[in-house]
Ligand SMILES: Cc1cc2nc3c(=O)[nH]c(=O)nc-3n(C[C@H](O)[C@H](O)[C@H](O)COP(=O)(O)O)c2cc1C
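Consider the single chain below, provided in structure tokens and representing the form predicted alone.
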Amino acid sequence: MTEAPTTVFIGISGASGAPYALRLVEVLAARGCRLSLTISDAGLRVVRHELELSGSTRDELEVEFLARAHADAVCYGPTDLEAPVASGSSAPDAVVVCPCSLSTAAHIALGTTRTLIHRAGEVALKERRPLLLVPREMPLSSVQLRRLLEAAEAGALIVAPMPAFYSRPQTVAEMIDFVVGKVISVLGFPQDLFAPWGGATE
């Protein structure tokens, strides 16, 4: 297991999966991580819709999102390339893009930085720090698969949100916890969000 990070940047792109992001922020905050956060413009619309938030401006939605997650985070705009997380000299211990659109994954894999989320991912790769991409799309084209492979070859960890059913989840929240538990485990945290497979059968 790798050493758990104390500072984490979370990028929320425009893919479906805002409940994963919300729970991840909540869990990392509860574990004492210092968080920074960027929600892309498309991600903001998805977050508002999927979490049924009432805010109408970016500031209102960020405040509402963090309140729902019971978390504090430093929020940066998606085009703020002067943010500390854009520099290798002040990069966070780890970067997680959750959910990660395949467009975002492609930009990171190709090094074609256009937003702070892309840049944070690029910095994590060049500084050899953990970069987790949580891609939410299906089916995947060969183009998308190539970009994910390129990102993995560059050092990213692809943590696709694929809930398992051996724990017999009864609620959507339990399925979300399985994915978030996998993410924090890969980051180096002990996870207690779902029971590990024990091999028992009936």
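Heads up: residue numbers just count along the shown sequence, starting at 1. Since we're looking at a predicted model, the values are computed, not measured.
FYI, the form predicted together with the ligand isn't displayed, but the following is about it.
**Student:** Please pick out the stretch from 133-141, 30-38, 59-67, 151-159 that is in contact with the ligand in the model of the complex, where contact means heavy atoms within 4.5 Å.
**Tutor:** Selected stretch: 133-141.
**Student:** I'd like to know if Leu102 sits close to the ligand in the model of the complex, meaning any non-hydrogen atom pair within 4.5 angstroms.
**Tutor:** Judged by the heavy-atom cut-off of 4.5 Å, Leu102 is in contact with the ligand in the model of the complex.
**Student:** Using 4.5 Å between non-hydrogen atoms, is Ala15 touching the ligand in the model of the complex?
**Tutor:** Residue-level check for Ala15: yes, a contact with the ligand.
**Student:** Please tell me whether any heavy atom belonging to Leu53 falls inside 4.5 Å of a heavy atom of the ligand, as the geometry stands in the model of the complex.
**Tutor:** Because no heavy atom of Leu53 falls inside 4.5 Å of the ligand in the model of the complex, the answer is no.
**Student:** Does Ala42 make contact with the ligand in the model of the complex, using a 4.5 Å heavy atom cut-off?
**Tutor:** Yes, Ala42 lies within 4.5 Å of the ligand in the model of the complex.
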